[in-house]
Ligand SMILES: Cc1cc2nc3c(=O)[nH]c(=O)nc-3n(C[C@H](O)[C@H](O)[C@H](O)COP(=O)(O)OP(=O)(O)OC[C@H]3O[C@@H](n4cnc5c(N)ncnc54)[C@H](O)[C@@H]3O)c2cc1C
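Form predicted on its own, single chain, as C-alpha cells, below.
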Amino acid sequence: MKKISNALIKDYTTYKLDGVIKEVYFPSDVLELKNLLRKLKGKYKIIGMGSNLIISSNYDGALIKLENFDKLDIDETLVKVGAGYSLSKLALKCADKGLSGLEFAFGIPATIGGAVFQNAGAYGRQMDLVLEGINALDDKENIVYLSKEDLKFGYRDSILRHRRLICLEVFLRLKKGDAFSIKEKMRENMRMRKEKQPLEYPSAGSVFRNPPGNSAGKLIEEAGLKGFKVKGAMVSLKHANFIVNIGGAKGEDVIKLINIIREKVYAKTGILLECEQEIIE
C-alpha cells in the first residue's frame, strides 16, 4: 500500500494550509482498507480532495485517500461509481452520455464520496436529488447498503458525518437529456462560480451555513468583516462567506478567524452562525 510520511497539509486541502500530516495512506481495495483501519485504531480521517476541510498543523493522525476506489459503470440512467472518483469528472462523463442531473456538481472540488458525505450542492440542487444509495463499510467491517432514506440527508449533512461509516461506492439515478444543453448549463454554472467566488485564492468553499431566511455572507459583510485577517487567513473581499488563504495560513489561523466571525456576527445580530466546514485537530 502506498504511504507518505510527514506529508504537507497543503497538498491535501483546497485551503493549501501550512503544516505537516504524520501519515497519508492510499489503500488499493477494501481488504487493504480494512487492514489499515485495524492498524490505525480510530486516529484517522477519510478524505477526498480536501475541500470543506480544515486540518490543524498539529494533527498527528493519518489521512486515508480512496483515490484508487475509482471504478465507473454507467448502465442507461443508473450510474455506479467508486467513492474516490472526481465529482466534476463524473459530471462531464455523464454529460457526454446525455445524462442530466449533475450539472450543479461541475466545478465542485470534491470526490463523489465526499459529496455524498456532506450532501454537497449548488444552484439550488444537491446530491440527495440524484442519489439512490451507497455501499459503505461499517464499524464492524461489514459492507452495507444504505438507501437515500437511510442516509438521512439534510442541508450539507448526512448520517456519514455522525457515524463510523465509510462510503465505498455510490449509486446515482440520472435522466436522459440533450448532451449539448447539459454542457451549456454546466458552462453557465462555471461562469457564475467564477464571477461570485474568490477562485483566485485557495479556500474551502462556503464557511457557514445560511441561517433560515438569511444569508451568512450578508451578515458577515454587515458586521464589517470583509478583508479581516488572522495572519494568512482572510475574509474574502469578493464573498464574505469565504475565508481565503492569502499566504502561509495554518489551520489554527482559519479556526481563530471563524470564531471571531461568529462572535462579531452574534454580537451584532444575535444570530450564531454554524460552521459547515469540518475541523480536524
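Here the structure is a predicted model, which means the values were calculated and not measured. Residue numbers run from 1 along the displayed sequence.
Separately, the form predicted in complex with the ligand exists; it is not shown, and the next lines address it.
- Contact annotation for Lys97: none of its heavy atoms lies within 4.5 Å of the ligand in the predicted bound form.
- Put simply, Ile74 is far from the ligand in the predicted bound form: not one heavy atom of it is within 4.5 Å.
- At least one heavy atom of Arg193 is located within 4.5 Å of the ligand in the predicted bound form.
- Taking the partner from elsewhere, Ala62 is found to have every heavy atom lying beyond 4.5 Å of the ligand in the predicted bound form.
- Contact with the ligand in the predicted bound form, defined as any heavy atom within 4.5 Å, is confined among 172 to 180, 89 to 97, 118 to 126, 144 to 152 to 118 to 126.
- Screening Val81, Val207, Ile166, Leu131 for any heavy atom within 4.5 Å of the ligand in the predicted bound form leaves a single hit, Ile166.
- The single residue of 246 to 281 lying near the ligand in the predicted bound form is Glu278, the criterion being any heavy atom within 4.5 Å.
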